[in-house]
Every structure is written in C-alpha cells, then in structure tokens.
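Shown here is one chain on its own, the form predicted alone, set out as structure tokens.
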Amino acid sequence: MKKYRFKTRLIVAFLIALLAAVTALSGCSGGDSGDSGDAGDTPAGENPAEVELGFIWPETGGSSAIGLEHKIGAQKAIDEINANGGVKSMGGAKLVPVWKDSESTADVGATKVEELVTVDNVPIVIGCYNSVVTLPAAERANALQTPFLSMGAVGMGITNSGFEWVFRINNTAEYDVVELIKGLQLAEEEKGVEIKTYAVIYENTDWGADNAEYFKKYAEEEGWECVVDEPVTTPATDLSSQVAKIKAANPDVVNASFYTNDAILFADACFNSDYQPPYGFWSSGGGMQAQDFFTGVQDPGSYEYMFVQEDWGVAGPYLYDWIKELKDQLATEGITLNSYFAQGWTAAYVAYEALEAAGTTDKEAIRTALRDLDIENSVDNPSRVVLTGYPRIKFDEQGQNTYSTGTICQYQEGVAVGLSPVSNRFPDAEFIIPIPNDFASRAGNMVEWGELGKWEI
C-alpha cells in the first residue's frame, strides 16, 4: 500500500517560501514593522496614500500551517483590491497589511492587538483563527475602541460578551454543530439508517469544549445516547487509550474536535487500532481540514470516509465562474483554494468594504460602516467579497454574521466531497454510510492530497 509520510516542517517551510514570493510580487509590506506610514496620522481633509490593515494569524505553533493559508488568502485579496484602484473613497489609497504572529498561543493575541493599535496605529484589526487567542484579542481591541474583525474562530464568547467593537464574519461553534446535526439527519434519511449512540472527544480549550457542549445538546434532542465524553488536554502526545475507550463503547457516531497536531494523533490512533464507527467520525473542522493533517497522518486511509464541516461553500468552483477562474489561477502558483484561503480573502475584502463605506480611517466611522454593512451573494448576483460562499454578510446587534454557512463533506477517495446542504453537493455525490472497516485497502483509489480526481472541474 502506498504510504504518504511527509514532515510538517517541510510543508510549513514551503508555505513560508510561497508567501514570501507572493509578498515580493505584490510590493506590499509583509513584516511587522509597519514602515509604510501610519493611517491614523493623516491630516484631516487629506486622503492617505496608504491604509494599513492589522492582521494576527498563527504563523508559528500548532496552527501555523492554517495561519499561513489565511495570510496568503488575505494577501491575494489585497493585491486584487489595489490593482482595481484601492480605496476609491479615499482617493485610491492602497491597502498595506501589517502582519503579526499569534504563535498559536492564548496570551499573545492581546499583546499583538496592543502593538498594532498603539505602535503601528492601524484603524482596524483582523484575526486570529484560534478561539482561545481570539477572545482575549477581541477583548483588548474593544477596550482600545478599535474595530476588530474576527475570522476563523468560533468560540461563543467572541460575540456574546457585549463587545461593541467586535464583528465576526464566520460561523459560531453552535452554527457548526447545527450543520453537523443536519448532515447526520440527511444521512439517516437518504441511507435509511438510524443513529442511536455517539461519543464526543475534544481538545479542552474554548473551541473544543464549545463544540462538545453543543453537540451533546442537539444530540439529546435527537434522542441519541452519549456513551463516551472524553476531553483531551492539549497538546496531546498519544491518544491510543482514548481511542480504545471509544472503541469498547462501540458508538454509531464519533464527534471529534482537534487542532492539527492532535487531529493527526487521533487519526493515527484510530488507524492503528483498526477502529471505524459505522456511521463515521464527524468533525467541526479545525485540524481535520488543514493541509498538514492530510500530509501528516501515517496513512491516508485514516481520514478516508471522515466527515468534516468545511467553513465555506466547497461547491463554489462549480457554481461561480469567477471562483473557478481563481482556483485555476492559484493552481498554477501551487496554491490550493480551501476554506482557510477563502476566509483570509473574505476577511481582507470585508475590511476594505468597511473602509470604502467609511471614506476615512476614523475608527468610529469604520465601526458604523461595519454595523451598516450588507453584502448579498448568490449565483445570480455574485460578490467577489464572499469567497467563503455565504449567501450574505450582515452583522447583528452582537456583531455576528448570522448568514455564515458551511458545508458538510465526506472524504471520498481522498477528496472533501460536499454533501449537505444539498445546494452545496458535488455532482452525483452521495453519503457512504455504513462505512466499511477496511483500512488496509482504502488508499488504493485515493488521489494525491490537493487533487480532485473524478470531481475535477
């Protein structure tokens, strides 16, 4: 059987090199220094030549590969915006990113917000992916009365803590779980199966704990019985004992919530234990949709047939000509269009739309513009802002975009195949349930990671 062993550090090194090339070509600042000028110092009545945007992504640490994909997506969007004339309401001011590294660490996000606001003097901050990083970062931005755009993080506290300067573009943990439950209901209906029992296993920070809490809440409403509830202290070193515990309980479904490194440990432990629940592993995303996950597991058969909630409309290249064109262009540069690239792109574009509407770098004006923002997106009326595929971006009184949606996918022949909702389904695709417990033969028909096989457009 063909093995797919890659070292994580090689993938991260490749992404760093790729990002450096993208930044060099764009002519935009890619460092932390913010030497391009301070938007906040522009004299009243004059348009700035440049407007700096503050970004905080995990460029090192356990979520580094994901953060670099966010960063590349944001940079590509900024390149396009600048090529199309910049911020027209400010006389064509060019956007300049100021990048900060959260280091995938909880207390670093707030520090980086402080730097961006008080040293780099940016009028808006975007970040931070990890919920455990984003919450304190959002709290600090709110205290500094600086607009903060949350992208990637789903922790509930980000938009239910009363922050007046914080806006989240993507799903919440509860939204993600509701989509998982709807996918499970659809699978039951279409495949004629009945789910009776389940297990939850999750990393014990805000994100994982929120996912488990909401999964148990909605599973109880379905009448399903929880047979294992297993929090995991992160970072883990081995998950074999936890997998053995779940295997012994024999649930119909397993809900797993891990970031990349722990997701790899979990997948490998299941593979080595020859453990496959009949109706699948179901995840709200996180590490199970990161490229390091696919290239880091000891065998691709360990993720075949898994279900994952992708935080974007995976059917976008099938539905929108412009997304298909972008996907093809990125492929020539060795970049894969996925949810993290799409989130970075959309976050940068939403910041641009707010600046365009405000016509100034005044923070209060930007906050008002975000409150009033209403971007619709459909096949008949597509918006290049919404690469994530959401039907609309409009923030409620808590700063949450209530129109953020994703897609439930199943890895089939190594590809994340969209299944639920039906509107995001790949052509002629269907659920594979019950799942065959045949790890030894799974990799035979699988494509290399990043390819689409028979679903290639």
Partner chain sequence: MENTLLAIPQGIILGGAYGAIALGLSVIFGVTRVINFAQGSMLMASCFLYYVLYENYGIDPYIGIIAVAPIMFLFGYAVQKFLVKPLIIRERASVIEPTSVMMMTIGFDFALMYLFMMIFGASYRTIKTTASGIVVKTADGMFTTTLSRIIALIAGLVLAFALWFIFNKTELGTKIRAVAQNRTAAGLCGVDVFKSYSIAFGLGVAALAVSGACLLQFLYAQPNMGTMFGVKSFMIVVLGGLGSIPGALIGGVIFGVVETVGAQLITGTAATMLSFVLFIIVLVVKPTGLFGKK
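Residue numbers count along the first chain shown, from 1. Since the structure is predicted, the reported quantities are computational estimates derived from the model, not experimental observations.
What follows is about the form predicted in complex with its partner chain, which we do not show.
Participant: Does at least one non-hydrogen atom of Glu230 fall within 4.5 angstroms of its partner chain in the model of the complex?
Facilitator: Yes.
Participant: Report yes if any heavy atom of Asp292 sits within 4.5 Å of a heavy atom of its partner chain in the model of the complex; otherwise report no.
Facilitator: Heavy-atom contact with its partner chain at 4.5 Å: present for Asp292.
Participant: Indicate whether Ala236 is a 4.5 Å heavy atom neighbour of its partner chain in the model of the complex.
Facilitator: Although its partner chain is absent here, Ala236 would touch it in the model of the complex, with heavy atoms inside 4.5 Å.
Participant: Using 4.5 Å between non-hydrogen atoms, is Lys182 touching its partner chain in the model of the complex?
Facilitator: No.
Participant: Would you kindly say which of Lys245, Lys217, Lys191, Lys196 lies with a heavy atom within 4.5 Å of its partner chain in the model of the complex?
Facilitator: Contact check passes for Lys245.
Participant: Under a 4.5 angstroms heavy atom criterion, identify the one residue in Val87, Val386, Val297, Leu337 near its partner chain in the model of the complex.
Facilitator: Only one listed residue qualifies here, and that residue is Val297.
Participant: Do all of Asn171, Ser284 and Met288 end up near its partner chain in the model of the complex, with near meaning a heavy atom within 4.5 Å?
Facilitator: Zero of three within 4.5 Å in the model of the complex.
Participant: Sort through 424-432, 57-65, 390-398, 406-414 and report the only stretch with a non-hydrogen atom within 4.5 Å of its partner chain in the model of the complex.
Facilitator: Looking at the other structure, the answer is 57-65.
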